[in-house]
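The data below hold one chain only, encoded as C-alpha coordinates and taken in the form predicted on its own.
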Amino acid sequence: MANKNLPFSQQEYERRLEKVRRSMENFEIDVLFIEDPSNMGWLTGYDGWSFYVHQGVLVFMDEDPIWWGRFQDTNGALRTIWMDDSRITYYPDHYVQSTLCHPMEMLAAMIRDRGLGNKRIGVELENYYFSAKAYLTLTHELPDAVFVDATSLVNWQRLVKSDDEIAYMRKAARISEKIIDGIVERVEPGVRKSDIVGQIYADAISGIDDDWGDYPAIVPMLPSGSDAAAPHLTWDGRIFDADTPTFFEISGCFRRYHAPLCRTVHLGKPPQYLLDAEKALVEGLEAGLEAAVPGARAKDIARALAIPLERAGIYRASRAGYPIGISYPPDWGERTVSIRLEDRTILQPGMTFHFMPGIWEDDWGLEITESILIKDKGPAETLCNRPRKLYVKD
(Lines give C-alpha, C1' and ligand atoms only; values in the text may rest on other atoms or scores of the structure.)
Protein backbone atom coordinates (compact mmCIF):
# COMPACT_ATOMS: atom_id res chain seq x y z
CA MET A 1 0.00 0.00 0.00
CA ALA A 2 1.28 3.46 -0.90
CA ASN A 3 2.09 5.87 1.92
CA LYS A 4 -0.44 8.70 2.15
CA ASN A 5 0.83 12.27 2.28
CA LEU A 6 -2.22 14.23 3.44
CA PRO A 7 -1.87 17.88 4.46
CA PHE A 8 -5.09 17.73 6.54
CA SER A 9 -7.00 15.21 8.64
CA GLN A 10 -9.72 13.04 7.17
CA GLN A 11 -12.19 14.83 9.44
CA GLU A 12 -11.24 18.14 7.80
CA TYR A 13 -11.87 16.68 4.35
CA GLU A 14 -15.20 15.24 5.46
CA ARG A 15 -16.20 18.68 6.79
CA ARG A 16 -15.41 20.21 3.41
CA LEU A 17 -17.34 17.48 1.61
CA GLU A 18 -20.40 18.16 3.71
CA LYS A 19 -20.25 21.89 2.84
CA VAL A 20 -20.12 21.03 -0.86
CA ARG A 21 -23.03 18.61 -0.55
CA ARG A 22 -25.19 21.24 1.10
CA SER A 23 -24.48 23.58 -1.80
CA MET A 24 -25.23 20.80 -4.30
CA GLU A 25 -28.55 20.28 -2.58
CA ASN A 26 -29.36 23.98 -2.87
CA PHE A 27 -28.77 23.81 -6.63
CA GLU A 28 -30.55 20.44 -6.94
CA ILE A 29 -27.39 18.80 -8.28
CA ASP A 30 -27.30 14.99 -8.08
CA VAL A 31 -23.64 14.54 -9.01
CA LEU A 32 -20.91 17.17 -9.33
CA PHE A 33 -17.87 16.90 -11.60
CA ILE A 34 -14.98 19.21 -10.71
CA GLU A 35 -11.87 19.58 -12.85
CA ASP A 36 -10.29 22.64 -11.23
CA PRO A 37 -7.11 21.26 -9.55
CA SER A 38 -7.48 23.70 -6.63
CA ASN A 39 -10.95 22.36 -5.92
CA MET A 40 -9.74 18.80 -6.40
CA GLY A 41 -6.93 19.38 -3.91
CA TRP A 42 -9.12 21.17 -1.39
CA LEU A 43 -11.75 18.44 -1.45
CA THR A 44 -9.64 15.28 -1.77
CA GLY A 45 -5.98 16.17 -1.14
CA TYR A 46 -4.92 15.27 -4.68
CA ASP A 47 -1.67 17.01 -5.57
CA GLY A 48 0.20 16.47 -8.83
CA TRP A 49 1.29 18.32 -11.95
CA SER A 50 -1.22 16.50 -14.11
CA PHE A 51 -3.77 19.22 -14.84
CA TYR A 52 -2.57 19.51 -18.44
CA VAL A 53 -4.66 16.42 -19.21
CA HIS A 54 -8.28 15.73 -18.29
CA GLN A 55 -8.84 14.68 -14.69
CA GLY A 56 -11.44 15.39 -12.07
CA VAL A 57 -13.46 14.38 -9.04
CA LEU A 58 -17.05 13.12 -9.02
CA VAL A 59 -18.92 14.20 -5.89
CA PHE A 60 -22.06 12.29 -4.83
CA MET A 61 -24.68 12.97 -2.20
CA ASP A 62 -24.47 9.55 -0.54
CA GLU A 63 -21.01 8.08 -1.09
CA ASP A 64 -17.36 9.13 -1.04
CA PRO A 65 -16.02 11.04 -4.04
CA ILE A 66 -14.31 9.31 -6.93
CA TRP A 67 -11.00 10.53 -8.32
CA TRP A 68 -10.76 10.07 -12.10
CA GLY A 69 -7.77 10.73 -14.32
CA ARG A 70 -5.04 9.42 -16.57
CA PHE A 71 -3.81 5.91 -15.75
CA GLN A 72 -0.22 6.96 -15.04
CA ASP A 73 -1.51 9.52 -12.48
CA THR A 74 -3.33 6.93 -10.38
CA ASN A 75 -0.15 6.31 -8.37
CA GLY A 76 -0.17 9.99 -7.46
CA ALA A 77 -3.78 9.71 -6.37
CA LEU A 78 -2.97 6.65 -4.27
CA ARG A 79 -0.46 8.75 -2.33
CA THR A 80 -2.36 12.02 -1.93
CA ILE A 81 -6.14 11.51 -1.62
CA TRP A 82 -7.97 10.71 1.61
CA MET A 83 -10.51 8.34 0.06
CA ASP A 84 -10.11 4.58 -0.09
CA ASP A 85 -8.00 3.24 -2.96
CA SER A 86 -11.13 1.76 -4.52
CA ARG A 87 -12.32 5.33 -5.23
CA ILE A 88 -9.58 5.84 -7.83
CA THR A 89 -10.55 5.34 -11.48
CA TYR A 90 -8.78 6.08 -14.74
CA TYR A 91 -8.81 6.20 -18.53
CA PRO A 92 -6.10 4.49 -20.67
CA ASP A 93 -3.25 6.51 -22.16
CA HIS A 94 -4.44 6.18 -25.76
CA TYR A 95 -7.18 8.70 -24.87
CA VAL A 96 -4.60 11.42 -24.14
CA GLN A 97 -4.65 14.13 -26.85
CA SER A 98 -6.28 11.75 -29.29
CA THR A 99 -8.25 12.84 -32.36
CA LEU A 100 -10.13 9.53 -32.38
CA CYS A 101 -11.52 9.39 -28.85
CA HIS A 102 -11.94 11.63 -25.82
CA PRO A 103 -11.50 10.91 -22.09
CA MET A 104 -14.98 12.31 -21.40
CA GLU A 105 -16.43 9.34 -23.28
CA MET A 106 -15.11 7.10 -20.51
CA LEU A 107 -16.30 9.47 -17.79
CA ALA A 108 -19.77 9.51 -19.33
CA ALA A 109 -19.80 5.70 -19.48
CA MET A 110 -18.90 5.54 -15.79
CA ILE A 111 -21.73 7.95 -14.94
CA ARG A 112 -24.19 5.89 -16.99
CA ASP A 113 -23.03 2.64 -15.39
CA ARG A 114 -23.77 4.10 -11.97
CA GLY A 115 -27.36 4.84 -13.02
CA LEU A 116 -26.82 8.59 -13.15
CA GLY A 117 -27.13 9.16 -16.88
CA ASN A 118 -30.46 10.95 -16.52
CA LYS A 119 -29.61 13.04 -13.45
CA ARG A 120 -28.72 16.69 -12.88
CA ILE A 121 -24.95 16.91 -13.32
CA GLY A 122 -23.00 19.96 -12.18
CA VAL A 123 -19.95 21.01 -14.21
CA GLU A 124 -17.53 23.93 -13.92
CA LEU A 125 -18.28 25.68 -17.19
CA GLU A 126 -16.15 28.79 -16.55
CA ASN A 127 -12.92 27.07 -15.71
CA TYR A 128 -9.41 27.02 -17.15
CA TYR A 129 -9.29 23.22 -17.20
CA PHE A 130 -12.71 22.16 -18.49
CA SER A 131 -12.59 22.56 -22.26
CA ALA A 132 -15.39 23.22 -24.72
CA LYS A 133 -14.65 19.82 -26.30
CA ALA A 134 -15.01 18.15 -22.90
CA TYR A 135 -18.42 19.72 -22.38
CA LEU A 136 -19.62 18.88 -25.88
CA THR A 137 -18.50 15.29 -25.48
CA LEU A 138 -20.28 14.89 -22.15
CA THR A 139 -23.53 16.34 -23.46
CA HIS A 140 -23.35 14.11 -26.53
CA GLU A 141 -22.65 10.97 -24.50
CA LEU A 142 -25.26 11.77 -21.83
CA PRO A 143 -28.25 13.07 -23.81
CA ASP A 144 -30.74 12.34 -21.00
CA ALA A 145 -28.79 14.26 -18.35
CA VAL A 146 -29.46 17.85 -17.34
CA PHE A 147 -26.22 19.79 -17.08
CA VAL A 148 -26.06 22.54 -14.46
CA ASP A 149 -23.49 25.31 -14.41
CA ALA A 150 -21.65 24.69 -11.14
CA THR A 151 -18.89 27.21 -11.77
CA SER A 152 -17.33 28.26 -8.44
CA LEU A 153 -19.67 26.08 -6.37
CA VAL A 154 -16.67 24.56 -4.59
CA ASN A 155 -14.71 27.82 -4.70
CA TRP A 156 -17.35 29.54 -2.55
CA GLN A 157 -17.06 26.80 0.07
CA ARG A 158 -13.32 27.53 0.31
CA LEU A 159 -13.86 31.18 1.23
CA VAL A 160 -13.64 30.86 5.05
CA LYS A 161 -10.38 29.18 6.00
CA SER A 162 -9.89 26.65 8.78
CA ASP A 163 -7.24 27.19 11.44
CA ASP A 164 -4.98 24.65 9.69
CA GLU A 165 -5.30 26.48 6.38
CA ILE A 166 -4.45 29.79 8.03
CA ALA A 167 -1.40 28.15 9.62
CA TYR A 168 -0.18 27.13 6.16
CA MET A 169 -0.76 30.65 4.84
CA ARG A 170 1.30 32.07 7.69
CA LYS A 171 4.15 29.78 6.63
CA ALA A 172 3.75 31.00 3.05
CA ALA A 173 3.86 34.59 4.35
CA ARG A 174 7.22 34.01 6.03
CA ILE A 175 8.54 32.79 2.68
CA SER A 176 7.10 35.87 0.95
CA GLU A 177 8.96 38.08 3.42
CA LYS A 178 12.19 36.22 2.69
CA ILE A 179 11.71 36.74 -1.05
CA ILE A 180 11.06 40.49 -0.67
CA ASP A 181 14.05 40.90 1.66
CA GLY A 182 16.26 39.21 -0.92
CA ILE A 183 14.93 41.41 -3.71
CA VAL A 184 15.58 44.63 -1.80
CA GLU A 185 19.09 43.49 -0.89
CA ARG A 186 20.14 42.30 -4.37
CA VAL A 187 18.54 44.65 -6.90
CA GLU A 188 21.13 47.15 -8.15
CA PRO A 189 21.79 49.00 -11.40
CA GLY A 190 23.46 46.64 -13.87
CA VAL A 191 22.05 43.42 -12.37
CA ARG A 192 20.18 41.21 -14.83
CA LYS A 193 16.51 40.61 -14.20
CA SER A 194 16.84 36.91 -14.99
CA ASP A 195 19.50 36.55 -12.28
CA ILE A 196 17.21 38.17 -9.71
CA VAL A 197 14.38 35.84 -10.72
CA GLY A 198 16.68 32.85 -10.24
CA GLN A 199 17.36 34.05 -6.70
CA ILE A 200 13.64 34.66 -6.13
CA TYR A 201 12.95 31.04 -7.00
CA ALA A 202 15.82 29.86 -4.80
CA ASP A 203 14.37 31.74 -1.82
CA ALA A 204 10.83 30.58 -2.64
CA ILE A 205 11.65 26.89 -2.92
CA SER A 206 14.21 26.63 -0.10
CA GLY A 207 11.63 28.15 2.25
CA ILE A 208 12.19 28.93 5.92
CA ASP A 209 13.82 26.33 8.17
CA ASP A 210 11.70 23.15 7.90
CA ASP A 211 8.91 24.93 6.02
CA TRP A 212 9.91 24.10 2.46
CA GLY A 213 8.59 26.17 -0.40
CA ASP A 214 6.13 24.88 -2.98
CA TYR A 215 5.92 26.29 -6.52
CA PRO A 216 3.65 29.36 -6.66
CA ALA A 217 0.66 29.48 -8.98
CA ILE A 218 1.95 32.65 -10.72
CA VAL A 219 5.49 33.45 -11.82
CA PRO A 220 7.25 36.59 -10.56
CA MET A 221 6.17 39.86 -12.16
CA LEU A 222 8.79 42.63 -12.28
CA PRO A 223 8.29 45.32 -14.94
CA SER A 224 10.43 48.44 -14.71
CA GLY A 225 10.04 52.07 -15.67
CA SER A 226 7.34 52.69 -18.28
CA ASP A 227 6.82 48.91 -18.58
CA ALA A 228 5.39 49.02 -15.04
CA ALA A 229 2.25 50.45 -16.61
CA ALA A 230 1.58 46.82 -17.64
CA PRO A 231 0.76 44.77 -14.52
CA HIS A 232 1.48 41.29 -15.88
CA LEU A 233 4.90 41.45 -17.53
CA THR A 234 7.43 38.90 -16.27
CA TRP A 235 11.19 39.18 -16.96
CA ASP A 236 13.92 39.02 -19.58
CA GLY A 237 17.68 39.36 -19.71
CA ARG A 238 17.82 43.15 -19.48
CA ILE A 239 19.48 44.87 -16.55
CA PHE A 240 17.98 47.09 -13.88
CA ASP A 241 18.66 50.74 -14.73
CA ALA A 242 19.46 53.59 -12.36
CA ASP A 243 16.74 56.15 -11.63
CA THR A 244 14.07 53.57 -12.39
CA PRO A 245 11.32 51.93 -10.31
CA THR A 246 10.41 48.24 -10.54
CA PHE A 247 7.50 46.57 -8.83
CA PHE A 248 7.78 42.95 -7.75
CA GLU A 249 4.71 40.74 -7.44
CA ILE A 250 5.59 37.45 -5.75
CA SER A 251 4.19 34.87 -3.36
CA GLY A 252 5.57 32.30 -1.03
CA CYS A 253 3.74 29.00 -1.18
CA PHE A 254 3.50 26.17 1.36
CA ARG A 255 1.55 23.00 0.55
CA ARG A 256 -0.21 24.92 -2.25
CA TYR A 257 -1.28 27.79 0.07
CA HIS A 258 -0.24 31.30 -0.93
CA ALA A 259 0.42 34.70 0.67
CA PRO A 260 1.11 37.17 -2.17
CA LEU A 261 3.09 40.33 -1.47
CA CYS A 262 4.04 43.20 -3.78
CA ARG A 263 6.60 45.92 -3.20
CA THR A 264 8.21 48.52 -5.45
CA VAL A 265 11.95 49.30 -5.49
CA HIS A 266 13.28 52.57 -6.91
CA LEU A 267 16.99 52.78 -7.83
CA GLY A 268 17.94 56.40 -7.28
CA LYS A 269 15.99 59.44 -6.17
CA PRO A 270 12.28 58.93 -6.95
CA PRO A 271 10.30 61.63 -8.76
CA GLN A 272 7.74 63.60 -6.78
CA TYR A 273 4.74 62.05 -8.57
CA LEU A 274 5.85 58.62 -7.39
CA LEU A 275 6.26 59.83 -3.80
CA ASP A 276 2.81 61.43 -3.93
CA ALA A 277 1.32 58.17 -5.25
CA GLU A 278 3.10 56.20 -2.52
CA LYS A 279 1.63 58.42 0.17
CA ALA A 280 -1.91 58.12 -1.19
CA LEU A 281 -1.62 54.38 -1.76
CA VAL A 282 -0.33 53.65 1.74
CA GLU A 283 -3.07 55.83 3.22
CA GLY A 284 -5.64 53.94 1.16
CA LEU A 285 -4.23 50.56 2.14
CA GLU A 286 -4.38 51.42 5.82
CA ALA A 287 -7.92 52.80 5.48
CA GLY A 288 -8.93 49.59 3.71
CA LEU A 289 -7.46 47.47 6.50
CA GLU A 290 -9.46 49.46 9.05
CA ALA A 291 -12.62 48.92 6.99
CA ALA A 292 -12.01 45.16 6.65
CA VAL A 293 -13.93 44.13 9.76
CA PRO A 294 -16.36 41.21 10.13
CA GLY A 295 -19.85 42.21 9.02
CA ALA A 296 -18.59 44.85 6.59
CA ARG A 297 -18.83 44.25 2.86
CA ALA A 298 -16.11 43.82 0.25
CA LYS A 299 -17.15 47.14 -1.27
CA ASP A 300 -16.38 48.93 2.01
CA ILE A 301 -12.69 48.06 1.62
CA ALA A 302 -12.73 49.34 -1.95
CA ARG A 303 -14.40 52.59 -0.95
CA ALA A 304 -11.99 53.24 1.93
CA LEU A 305 -9.09 52.72 -0.46
CA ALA A 306 -10.54 54.96 -3.16
CA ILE A 307 -11.01 58.09 -1.04
CA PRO A 308 -7.32 59.02 -0.50
CA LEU A 309 -6.43 57.91 -4.03
CA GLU A 310 -9.10 60.10 -5.59
CA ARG A 311 -8.01 62.97 -3.38
CA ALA A 312 -4.59 62.58 -4.98
CA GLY A 313 -6.10 62.48 -8.48
CA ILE A 314 -5.68 58.72 -8.93
CA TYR A 315 -8.71 56.82 -10.21
CA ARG A 316 -8.47 53.04 -10.44
CA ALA A 317 -10.77 51.12 -12.79
CA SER A 318 -9.66 47.64 -11.70
CA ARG A 319 -10.64 45.69 -8.63
CA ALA A 320 -8.46 45.99 -5.54
CA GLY A 321 -8.23 42.40 -4.42
CA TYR A 322 -9.51 38.85 -4.38
CA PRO A 323 -9.60 35.79 -2.08
CA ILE A 324 -6.50 33.60 -1.78
CA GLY A 325 -5.65 30.21 -0.34
CA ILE A 326 -4.95 26.90 -2.05
CA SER A 327 -4.19 27.24 -5.74
CA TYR A 328 -2.52 25.87 -8.85
CA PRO A 329 -1.33 27.64 -12.02
CA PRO A 330 -2.26 29.89 -13.67
CA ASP A 331 -3.86 31.88 -10.85
CA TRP A 332 -3.53 32.19 -7.07
CA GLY A 333 -6.93 33.85 -6.68
CA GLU A 334 -10.05 31.88 -5.72
CA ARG A 335 -12.31 33.53 -8.35
CA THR A 336 -15.24 34.41 -6.09
CA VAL A 337 -15.31 37.76 -4.24
CA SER A 338 -13.75 40.90 -5.70
CA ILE A 339 -12.75 43.91 -3.62
CA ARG A 340 -14.58 46.53 -5.69
CA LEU A 341 -17.40 48.99 -5.23
CA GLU A 342 -20.08 46.67 -6.66
CA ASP A 343 -19.35 43.64 -4.46
CA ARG A 344 -21.66 43.35 -1.46
CA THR A 345 -20.22 40.10 -0.05
CA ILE A 346 -20.25 40.20 3.74
CA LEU A 347 -16.84 39.72 5.33
CA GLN A 348 -16.54 36.82 7.77
CA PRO A 349 -13.75 35.79 10.16
CA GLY A 350 -11.36 33.42 8.44
CA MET A 351 -11.63 34.97 4.98
CA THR A 352 -8.27 35.74 3.39
CA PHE A 353 -7.61 38.20 0.56
CA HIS A 354 -4.81 39.65 -1.47
CA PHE A 355 -5.55 43.35 -0.95
CA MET A 356 -4.03 44.41 -4.24
CA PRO A 357 -4.58 48.08 -5.15
CA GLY A 358 -1.86 48.41 -7.78
CA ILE A 359 -1.61 51.69 -9.66
CA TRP A 360 -0.94 51.43 -13.40
CA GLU A 361 -0.82 54.72 -15.26
CA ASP A 362 0.08 55.29 -18.93
CA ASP A 363 3.84 55.19 -18.42
CA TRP A 364 4.49 54.13 -14.82
CA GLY A 365 3.24 51.78 -12.13
CA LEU A 366 3.36 51.27 -8.37
CA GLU A 367 2.45 48.20 -6.33
CA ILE A 368 2.30 47.97 -2.54
CA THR A 369 -0.03 45.15 -1.42
CA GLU A 370 -0.91 42.93 1.52
CA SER A 371 -2.31 39.48 2.10
CA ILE A 372 -4.94 39.92 4.80
CA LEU A 373 -7.00 37.84 7.22
CA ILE A 374 -10.44 38.91 8.44
CA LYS A 375 -10.38 38.54 12.23
CA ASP A 376 -13.13 37.78 14.76
CA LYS A 377 -13.23 41.49 15.56
CA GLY A 378 -11.40 44.63 14.61
CA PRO A 379 -9.38 45.46 11.49
CA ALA A 380 -7.89 42.86 9.20
CA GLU A 381 -4.53 41.30 10.02
CA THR A 382 -1.73 41.44 7.48
CA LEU A 383 -0.15 38.01 7.08
CA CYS A 384 3.20 39.49 6.02
CA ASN A 385 5.15 41.98 8.11
CA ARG A 386 7.18 44.25 5.88
CA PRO A 387 7.06 48.06 5.66
CA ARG A 388 4.31 49.44 3.46
CA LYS A 389 6.40 51.83 1.46
CA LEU A 390 8.31 52.51 -1.74
CA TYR A 391 11.76 51.02 -1.18
CA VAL A 392 14.39 53.54 -2.27
CA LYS A 393 18.00 52.57 -3.00
CA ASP A 394 19.63 55.93 -3.71
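Just so you know, these numbers come straight off a predicted model, no measurement behind them. Numbering starts at 1 and runs along the sequence shown.
This protein has a second form, the form predicted together with a further copy of the same chain, left out of what is shown; the following refers to that one.
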Picking from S162, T89, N118, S131, the single residue whose non-hydrogen atoms come within 4.5 angstroms of a further copy of the same chain in the model of the complex is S131
Pick from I307, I205, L275, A167: which has a non-hydrogen atom within 4.5 Å of a further copy of the same chain in the model of the complex? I205
Contact of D362 with a further copy of the same chain in the model of the complex (heavy atom, 4.5 Å): yes
At 4.5 Å between heavy atoms, is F240 in contact with a further copy of the same chain in the model of the complex? no
Would you check, heavy atoms only and a 4.5 Å threshold, whether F60 touches a further copy of the same chain in the model of the complex? no
Within 4.5 Å, heavy atoms only: does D47 come near a further copy of the same chain in the model of the complex? yes
If you check in the model of the complex, do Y52, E126 and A317 all have a non-hydrogen atom within 4.5 Å of a further copy of the same chain? yes
For a further copy of the same chain in the model of the complex, the stretch among 297-305, 281-289, 118-126, 105-113 with residues bearing a heavy atom within 4.5 Å is 118-126
Residues in 89-127 that come within 4.5 Å of a further copy of the same chain in the model of the complex by at least one heavy atom, in order, are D93, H94, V96, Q97, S98, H102, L125, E126, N127
